[in-house]
Every structure is written in structure tokens, then in C-alpha cells.
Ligand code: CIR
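This document opens with one chain alone, in C-alpha cells, the form predicted alone.
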């Protein structure tokens, strides 16, 4: 059963609410999305199903007051709908990353001109590997989870890039056998994290109030706070109930086909406040 962990000691937001967004970038799925990389075989998604889920996601962002730039599909890169893995964005600028899977490295070249049009400052990770799915921004720090896709060399290089943008980064550990750090957690507000039991036990969120997702609904931990609402994948009724009881405005989105590609809601967009 899910529960509250009342370890909150006070976390303060610097420069406004970090879950308030008015701009986002997404990329439309290509028919090749069905051949996307996956760590666990949950069966093949359908192209039509991924498109329907992606359309619902874009609509939810727009209904939350976000202006969404929808990029053209990249058939040569089946996983390119997960635009948050090759880049990070902040109000002060963007950082082009070096994805940890060789098949995704070329995606950066297609995001570079897009981000240079949107931001005055665009930095590039100089070494190592980092996937954006391993990076969680909270009110006072940017947490970088080491994983199979994010190396220590990459994480240390990202600390340098973050400092250039005025952000304070810290390196933590992604749970064993978990693809990305944010597969197991998401920010709900300045004080609160939605998190799996296994990641909660690691102690990385000491000082935060924690909502633990119920056993069997771990995939729901990759939710997305956007302005006044929390986007959560459908099929996790106990998590939805917990969030509702905690006072959050919850929007349940279809994500079964995207989930077959190891995808979550946070990795489908790059979001910032302009």
C-alpha cells in the first residue's frame, strides 16, 4: 500500500516554482518507433497506439497552458520521441547531452538548431554520457543519477555545465536494474517527491516529504507536474487515489504503448518557463 513519508524539513524554491512551464518541445513519433530500444521486453507497441498516446500527452500540456513546439519525426532514430534524454533545458539555457546508448547519439545533432533558436545559451556536455532521464530538478538542486546510461564522467561534466547556468548539481545513484533515475521518482512540488519504495530507502530524498507509490505500481512514479496539475500514466488506480487524497489535481493519461518502450511521461518533452 502506498503511503506518506513525513520527513519534510523544508525545501525552498529559488526563482519561482520550478514546475511552472509555458513552453515545451516534443517530437512526433515515426513509424519506426515500434523498433525502439527497450531494457525489458513487454511486447511490441503499435505505431497507432503510440501516436494516440503522444497526441493525448501534447493535448494535456496545451490544456495546462503550455505552448508546445511539435518537431517532425526522425525515422532513423526510433527513440527520438523521448526528447528529454539528449538534452536538458532551464530558463537560463539548454544543455545538449551525450546519450548513453550508441543508437541515440545522433539525436543531439537534430536538437541543436532547435535549442539554439529557443535559447541564447546552449552548452554541450564535453565528455562521458548522460541521459536526461537520470536528471531530476528540485527547488534547490539538480540530482544526477548514475546508471547504465549515465556515467560518472558524464555526471561530473554535467555538474560543470549546470554551474555555468547557475544550477547546483549533486550526483546520486539510480537503483540497481532501473533504467533511469526518474523511472522511480518525480517532483510534485517544492517539498514533495513521488517515489518508489526502493528509491525512498536509498535516502537520497531525505528532507523531502515523500509519497510512496504502492507496490506493483512503480511505473507511476514517473509522473509529471505541469503548472496546476500532475500528469500520471493510466492503470495505476492506487497511486491516482493517493495523489488525489493529497490534494493534487491529477490527469490520468494513456501510456501503455509508450511504456512498452521503457518510456515515461517526463521524457516525452523538454519544458521551461520563458
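The structure displayed is predicted, hence computed values, not measured ones. Residue numbers count along the first chain shown, from 1.
The same protein also has a form predicted together with the named molecule, omitted here; what follows describes it.
Please identify, from 116 to 124, 150 to 158, 195 to 203, 178 to 186, the stretch that has a heavy atom within 4.5 Å of the named molecule in the predicted complex.
Among the candidates, contact is made by 178 to 186.
Any of the heavy atoms of residue 261 lying within 4.5 Å of the named molecule in the predicted complex?
Residue-level check for residue 261: yes, a contact with the named molecule.
Give a yes/no on whether residue 145 approaches the named molecule to within 4.5 Å in the predicted complex, heavy atoms considered.
No, residue 145 stays farther than 4.5 Å from the named molecule in the predicted complex.
Looking at the partner-bound form in the predicted complex, is residue 270 within 4.5 Å of the named molecule by any heavy atom?
Heavy-atom contact with the named molecule at 4.5 Å: absent for residue 270.
Given that the partner is absent here, does residue 56 sit within 4.5 Å of the named molecule in the predicted complex, heavy atoms only?
The answer is no: residue 56 has no heavy atom within 4.5 Å of the named molecule.
Need the contact residues for 88 to 127: heavy atom within 4.5 Å of the named molecule in the predicted complex, sequence order, or none if there are none.
Heavy-atom contacts to the named molecule in the predicted complex: only 104.
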